[in-house]
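Next up, structure tokens for two forms of one chain, structure 1 and then structure 2.
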Structure 1
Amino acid sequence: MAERPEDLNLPNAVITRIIKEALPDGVNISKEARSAISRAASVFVLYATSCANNFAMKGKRKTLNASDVLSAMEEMEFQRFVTPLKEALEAYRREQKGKKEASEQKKKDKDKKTDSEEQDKSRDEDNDEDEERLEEEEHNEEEEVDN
């Protein structure tokens, strides 16, 4: 847990970026207003987390999950945000699934490449052995002819 209340505040850089993205171009915000929004956002996050934790506890779980957060939003009377949050969650899950599949495909490709390289190396070794055997046979034939 945080030792000081300030430790619970969201990073100023993150808050500033969110504010700039939300406001039209050319609109400025005072440092005081940015600080107030930062504190309000931190309080909101703590409250939402507390409500979501209550749902997890009702389910006899220690881990909060997305359904806990969505239920908390409804309980906090933020129903209008539930649908956009569900859509964002689905997009996040699709993105993660795509990344996982890409990673698995990359691993399969790497394994195939490794297998192919090993086969090439084995063929090269077999060819080297064949060449050595042929050279030895030629050498033996030359010795027989000389005798």
Structure 2
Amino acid sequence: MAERPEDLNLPNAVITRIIKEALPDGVNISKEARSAISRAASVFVLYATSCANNFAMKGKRKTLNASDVLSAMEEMEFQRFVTPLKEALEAYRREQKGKKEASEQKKKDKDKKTDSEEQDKSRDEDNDEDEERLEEEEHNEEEEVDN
């Protein structure tokens, strides 16, 4: 359906918002300039993908991973992106881990309503997850009420 890869544009509203937040207040952008930036962003993704894919193939892998993309950034002379991207990646990984642990907790709680034996909630891995602690306290209260 898409005639050219460049036609796969990113949503205009998001692009506009990113542009406006990058520029000082009161600065406007013409329609032509905005759509040109949007296309440039698509071309950027395509170019970065191609570079990243080269690194993946060098590593004899078929799946692009995060480090391939970071290497591509350096190759494309966008080294200044590497540090903020690494930070974003760490935040993303933490969020994914949090989501995974949250869904695992829910599964365990369903089992624990029948069996209140095991208490392997004392995980000392990450002390940054305050949300987990709050959930644990709530679940402890629930167990007491049930008993």
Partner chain sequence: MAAVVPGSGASREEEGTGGDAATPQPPAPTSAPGARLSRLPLARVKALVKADPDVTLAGQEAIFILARAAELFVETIAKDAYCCAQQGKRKTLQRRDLDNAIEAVDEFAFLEGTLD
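Sequence positions of structure 1, starting at 1, serve as the residue numbers. Think of the rigid core as the biggest set of C-alphas that the two forms share within 1.5 Å after superposition. It should be emphasised that the depicted structure is a prediction, and the values quoted were computed from it without experimental measurement.
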ask   = Two forms of the same chain here; which is the form predicted alone?
value = 1
message = Can you give me the Cα shift for residue 18 between the two structures? Core-superposed, in angstrom, one decimal please.
response = 3.2
